[in-house]
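Okay, so here's just one chain, in structure tokens, the form predicted on its own.
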């Protein structure tokens, strides 16, 4: 009897039967460019600050942490700007937990959440885990999403929540603020909560606006962020959001007690106070991203415009074969299951070179 047969014998919820957990391949290869991590790592001065902050908490680990993580919310508000204060901020163990809490508070049985595939594959899994029905919206043939199309779909479906991923994963493209504003207005009658997932916002091209700039006066709008990507802290698990204070009050109703550990809070606060150092590599990553785009175009492939730290590219007759051939060369990228396409994270200069050299050799072979 295999693992799934044993699972089937348990009294599992009917809507979870046959489901598979989220999981990108975790393989031991020299170059990991498959899960959009910041491969530059944490600089030494930030490491020292984090170590000192964590050490300062060790004498108090017998006590529960600050349930309201007040200092962290103050630091996050200061980082985001836009006139926000601690009352506008919420945080969790990664942005996935923040999104889960939003679905717990505003979704649930009898309610719906709309996403626009291809987009982040966790959205339907979070919906399933919270008993929320997932509605798959429709994009254009080039995977774009216009304000008119998105608004019409929201008016027709009247979802409880909408998640707009910008820059979108896996395509890397950012949405215009006209899409955010149109979706918010279209959801007025149904009182739809609109979540803009900006996990990759720091990598956007100059001139790409954040939904933070239209947050004021829109109590049903939420902007989600993470410290996993630009801050190179995927292992620390810190995600957060900005919204009207009443939204953060709603999340207090569903959060687990003391859900952010003292170690997590200390680590994140120290990182935010050293943000200049941690974010110094963002521009270098953007250079490598644009180098990947140019290199793939030279190879006759079709990369999508990217405002993120990864590149989604098409024009492949057999993407699975290309993925396997790159893996054999010690380079792991992501097969996102979209015909003719793959996705690669922008890494260091050496990692990018290895990827591009591998692609040249494979396509020439």
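Residue numbers count along the first chain shown, from 1. Quick caveat: nothing in here was measured; it's all calculated off a predicted structure.
This next part talks about the form predicted together with a small molecule, which is not shown.
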Answer key, the small molecule contact in the predicted complex at 4.5 Å (heavy atoms) among 226, 171, 192, 288: the residue is 226
Can you pick out, from 221, 161, 199, 127, the residue that has a heavy atom within 4.5 Å of the small molecule in the predicted complex?
199
Would residue 90 count as touching the small molecule in the predicted complex under a 4.5 Å heavy atom rule?
no
Taking 4.5 angstroms as the cut-off for heavy atoms, does residue 106 touch the small molecule in the predicted complex?
no
Hey, in the predicted complex, does residue 120 get a heavy atom within 4.5 angstroms of the small molecule?
yes
Is residue 175 close enough to the small molecule in the predicted complex to count, meaning some heavy atom within 4.5 Å?
no
The chain here is shown without the small molecule. Which stretch in 136-144, 109-117, 263-271, 229-237 comes within 4.5 angstroms of it in the predicted complex, by heavy atom distance?
229-237
